[in-house]
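First comes one chain, alone, set out as structure tokens in the form predicted on its own.
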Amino acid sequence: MSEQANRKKFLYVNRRAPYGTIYALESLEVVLIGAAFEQDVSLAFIDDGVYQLVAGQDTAGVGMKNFSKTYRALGDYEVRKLYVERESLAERGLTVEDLMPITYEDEDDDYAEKPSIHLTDRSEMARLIAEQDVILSF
């Protein structure tokens, strides 16, 4: 069995808006730490968590540092699976076009740039959650 197959699967579930609380930033920091230790890391964006990936965030009015650009660096840490719940987007009047383009370079495909964001419906999200070894909710 390969080392990849032996790694536990960690899913970080993001349910809160990016600003106003520390949850979104804390989640991102924990994801980066886990990835640095070569965990099999995935992120799920549900409910108001979908706002974390919205393009063009401006935090000047809330007095918090804009950390949204850090999501674009996730591919460098081999974090390539960002699952966004389609219904959560729709309930908030958003589409995938409203989200930041988050990609990674696939070394197995001549470093082609590929999308990290995967839209899922609620039933698919439930299946993904059930398949994980460790789930951390923020």
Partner chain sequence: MRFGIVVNEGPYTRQASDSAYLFAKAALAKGHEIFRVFFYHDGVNNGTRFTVPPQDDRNLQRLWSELAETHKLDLVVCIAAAQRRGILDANEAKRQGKDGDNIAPGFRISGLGQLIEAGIQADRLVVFGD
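Positions refer to the first chain, counted from 1. As the structure is a prediction and not an experimental result, all values here were calculated from the model.
There is another form of this protein, the form predicted in complex with its partner chain, and it is not shown here; the text below is about that form.
Practice problem: Answer with one of V62, A73, V30, A90: the residue that has a non-hydrogen atom within 4.5 Å of its partner chain in the model of the complex. | Solution: Exactly one residue meets the criterion: V30.
Self-check item: Output flag, F45, Y51 and E97 jointly within 4.5 Å of its partner chain in the model of the complex, heavy atom basis
Solution: No: none of F45, Y51 and E97 comes within 4.5 Å of its partner chain in the model of the complex.
Self-check item: Which of 75 to 83, 51 to 59, 37 to 45, 97 to 105 sits within 4.5 Å of its partner chain in the model of the complex, heavy atom basis
Solution: In short, 37 to 45.
Practice problem: Evaluate Y19 for contact with its partner chain in the model of the complex, applying a 4.5 angstroms cut-off between non-hydrogen atoms, and reply yes or no. | Solution: No - in the model of the complex, heavy atoms of Y19 and its partner chain never come within 4.5 Å of each other.
Quiz item: Is the gap between E26 and its partner chain in the model of the complex 4.5 Å or less for some heavy atom pair?
Solution: It does: once its partner chain is placed as it appears in the model of the complex, E26 has a heavy atom within 4.5 Å of it.
Quiz item: What are the residues of 111 to 138, in order along the chain, with a heavy atom within 4.5 Å of its partner chain in the model of the complex?
Solution: Heavy-atom contacts to its partner chain in the model of the complex: V134, I135, L136, F138.
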